[in-house]
Each structure stands twice: as C-alpha cells, then as structure tokens.
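Here's a solo chain for you in structure tokens, the form predicted on its own.
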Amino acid sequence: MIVYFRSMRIKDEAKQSAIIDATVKLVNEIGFVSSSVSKIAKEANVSPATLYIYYKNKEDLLVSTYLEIKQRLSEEILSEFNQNAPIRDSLYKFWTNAFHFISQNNSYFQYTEQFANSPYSEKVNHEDVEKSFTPIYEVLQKGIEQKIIKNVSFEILSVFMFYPIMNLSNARLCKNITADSKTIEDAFQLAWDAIKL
C-alpha cells in the first residue's frame, strides 16, 4: 500500500513577527484602506501566499495584529507586578512598566489608536482582551474595598490612572516631556492623588 503524505508548511515565528511589524508600519504610514495584503507582504519580505499561512484575510491580519499588540502590552506591564504588594506600590509598578513599553513602542500605540477608531474594532471581543489586564483591576478593586481608592467605576479610574500614561509616554503628543524617573514619579503621584481617598 502506498501512503501519500501531504507536506505541511510550518509556521515561522520570525516571519509572523515580521508580518505584524510590517502591518503596523504600513497602517501607520498609509492607513487601513491602502494597506493591502500584497503591500504588507512586500514590506515583511514574504510572499502573499506565505502571509495567508498565518492569516485568513486582511481583516484577520489587522485584528490579529491588534490582539498581538495588546498581548505584548499586558505581558510587559505585568512583568514583576505583585498583586500582594501595597496598593500604591502595585500600581506604580504597572505605571512604570506601561510608561516604558509605550514610550519604546510608539508605533504599536499609534496602531492601536487607529484601530480603536476603525470599523475593525467591532470585530474584537474587548471583554476578552481586558481579561489579560485582570490583575490590575483586582488591585484597584482591593484598593476600593480597603478604602484606599475612591469607590467609582473602573471606567472613571481608568481615565485618571491609564490615559495619562498613553499621553505622557507618546513623543508625538508630549514633545517636551523627558521620560526620566522623576517625570514618571511626578506624573504617577498626580494620578494617584486623583484616585486615592
């Protein structure tokens, strides 16, 4: 009996990473509409056929790129994050991690900004995405229960705790800000003063 084996293309993490980075670069430069699969493949130095090994279509690629960035962000900001440390210390660790990640990966931040304001955002289950950040929300909840943090919705807390990081760490938005330890500490203190009881 002769058995025929169909060869399978093995996914290459380096190629997949190159595709993600090419997608971010092109979308930031020319927008979602103009960023075709062929242009992204060319920028990533792969063939369009190779790109389709990883993604079903352009929409899948754009959504997957967003999810990948969010995953990288959650991994970075939760690095050495200790939920059992004092509330302020836990949040300060999150703050510094997020500040450094966004300031060093501005292109990712720019992509997520555009994505959030595009129709593609409707293709994402944002509740699932937010689950990656559960430890931070648990610390905030603990702070509320211990009467350290104001008892308001997470949406309000986010405005004062998270959004300043996105602005201050973005060189395009805050051109005169130096991302040194004093700036990070001063900015965190202002955010902390806004949410603490």
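Note that the structure is predicted; figures quoted are calculated from it, not measured. We number the residues from 1 along the sequence you see.
Unshown form predicted in complex with another copy of the chain; subsequent notes refer to it.
> Check Ile30, Ser118 and Pro164: does every one of them have a heavy atom within 4.5 Å of another copy of the chain in the model of the complex?
Replying inline: Each of the three qualifies.
> Quick one: of Ser64, Ser132, Asn170, Thr50, which gets a non-hydrogen atom within 4.5 angstroms of another copy of the chain in the model of the complex?
Replying inline: Here the answer is residue option Asn170.
> Would Lys147 count as a contact of another copy of the chain in the model of the complex, using a 4.5 angstroms cut-off between non-hydrogen atoms?
Replying inline: Looking in the model of the complex, residue contacts with another copy of the chain do not include Lys147, since no heavy atom lies within 4.5 Å.
> Might Glu122 be said to contact another copy of the chain in the model of the complex, defining contact as any heavy atom within 4.5 Å?
Replying inline: It does: once another copy of the chain is placed as it appears in the model of the complex, Glu122 has a heavy atom within 4.5 Å of it.
> Looking in the model of the complex, any heavy atom of Asp186 within 4.5 Å of another copy of the chain?
Replying inline: Contact check for Asp186: yes, within 4.5 Å of another copy of the chain in the model of the complex.
> Quick one: is Tyr54 in contact with another copy of the chain in the model of the complex, heavy atoms, 4.5 Å cut-off?
Replying inline: Taking the distances in the model of the complex, the answer for Tyr54 is no, it never comes within 4.5 Å of another copy of the chain.
>> Pick out the residues of 145 to 167 whose heavy atoms come within 4.5 Å of another copy of the chain in the model of the complex.
In response: Counting only heavy atoms within 4.5 Å of another copy of the chain in the model of the complex, the contacting residues of 145 to 167 are Lys150, Val152, Ser153, Glu155, Ile156, Leu157, Val159, Phe160, Tyr163, Pro164, Asn167.
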